[in-house]
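Shown next as structure tokens: one chain only, the form predicted on its own.
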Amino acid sequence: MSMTLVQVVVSGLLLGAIYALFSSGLTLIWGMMNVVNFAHGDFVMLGMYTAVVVWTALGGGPWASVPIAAIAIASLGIASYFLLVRHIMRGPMLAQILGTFGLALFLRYSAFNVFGANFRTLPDTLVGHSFVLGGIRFEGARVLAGAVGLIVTLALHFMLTRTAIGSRMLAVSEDATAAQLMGIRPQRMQALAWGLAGAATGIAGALIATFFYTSPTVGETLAIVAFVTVSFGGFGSVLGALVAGLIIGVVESVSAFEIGPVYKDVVVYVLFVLVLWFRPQGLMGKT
């Protein structure tokens, strides 16, 4: 394997860790409530704008914007649950789709009204300059984003599978009525799921903003990536989102290098269709 190809694979893994992070919130909500959040990409967009505002108003970098974005988007997630989601859950699936899609439009055009339509970018040197290690060039912003994405996604998986809170959330996802008879409050657990999903999404947005443009419409692109990642990994599986995100990141980078940037999305979607063809539940989804 040539050093150039190694460079491409490493870049793909760092990108894939970010894909996994902002997709984990989407799969968590689906696993808890069987609700698809079509506003998920716009949550990421607001996390990106949080980073822009923190830098513009306070001159703060990721160490300041990441916790602020996590708290802000977690609060937005909890508010969305109590004000909208818990009500539309009583209706048919179409009500859930239209409800979260309407939330996406509300958030998107609110961003247009507040921030305008122009693209915003953060300084290249906000995180740090690039460095070379073992002949491979690393960009500071992407390394930070990839490392934090990997750590937060694994922490979320650990919390869901190894803690009492995770067990309660799992119980609610299996049977909310039975969980309530056991003393668990389903609405509290579901609100917590939206809060955790929002926090993960906010962190991802604040990190992505260090190397990607920010605009009110960027959520559309990121939402497509999130849905592909979650479907690929298996709805409801955070670990599946992590594995799928890493695979998609590498496939995108390698195909862009070998075939051309124009065709990278085509390769990813062909792989995605093949996986769903032979394993409709995704790589780690429940049968």
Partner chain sequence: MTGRRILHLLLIAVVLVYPLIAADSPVYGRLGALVLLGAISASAWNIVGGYAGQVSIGHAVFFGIGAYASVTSFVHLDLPPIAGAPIGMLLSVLVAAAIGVPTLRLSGHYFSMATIAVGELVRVLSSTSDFLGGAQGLGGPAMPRTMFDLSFVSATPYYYIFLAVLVALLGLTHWIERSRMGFYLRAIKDSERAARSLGVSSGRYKLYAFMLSAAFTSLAGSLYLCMFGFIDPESGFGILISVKMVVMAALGGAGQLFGPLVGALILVPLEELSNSYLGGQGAGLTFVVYGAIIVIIARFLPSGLLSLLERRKVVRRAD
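Positions refer to the first chain, counted from 1. These numbers were taken from a predicted model, which means no experiment stands behind them.
Missing here is the form predicted together with the partner chain; even so, the following discussion is about that form.
Visitor: State the residue from 79, 151, 182, 93 whose non-hydrogen atoms include one within 4.5 Å of the partner chain in the predicted complex.
Guide: Comparing distances to the partner chain in the predicted complex, the residue within 4.5 Å is 93.
Visitor: May I ask you to choose, among 176, 191, 143, 84, the residue with a heavy atom within 4.5 Å of the partner chain in the predicted complex?
Guide: When the partner chain is considered in the predicted complex, the option within 4.5 Å is 84.
Visitor: Go through 64-72, 39-47, 227-235, 248-256 and give me the stretch that gets within 4.5 Å of the partner chain in the predicted complex, heavy atoms only.
Guide: Looking at the other structure, the answer is 227-235.
Visitor: At 4.5 Å between heavy atoms, is residue 57 in contact with the partner chain in the predicted complex?
Guide: No, residue 57 is distant from the partner.
Visitor: Residue 119 near the partner chain in the predicted complex, any heavy atom under 4.5 Å?
Guide: Outside the cut-off, so no.
Visitor: Within 4.5 Å, heavy atoms only: does residue 123 come near the partner chain in the predicted complex?
Guide: No - in the predicted complex, heavy atoms of residue 123 and the partner chain never come within 4.5 Å of each other.
Visitor: Is residue 156 a contact residue for the partner chain in the predicted complex, using a 4.5 Å heavy atom cut-off?
Guide: Contact check for residue 156: no, nothing within 4.5 Å of the partner chain in the predicted complex.
Visitor: What residues in 92-127 sit within 4.5 Å of the partner chain in the predicted complex, counting heavy atoms only?
Guide: Going through 92-127 in order - heavy atoms within 4.5 Å of the partner chain in the predicted complex - the hits are 92, 93, 94, 95, 96, 97, 98, 99, 101, 102, 103, 105, 106, 109, 110, 112, 113.
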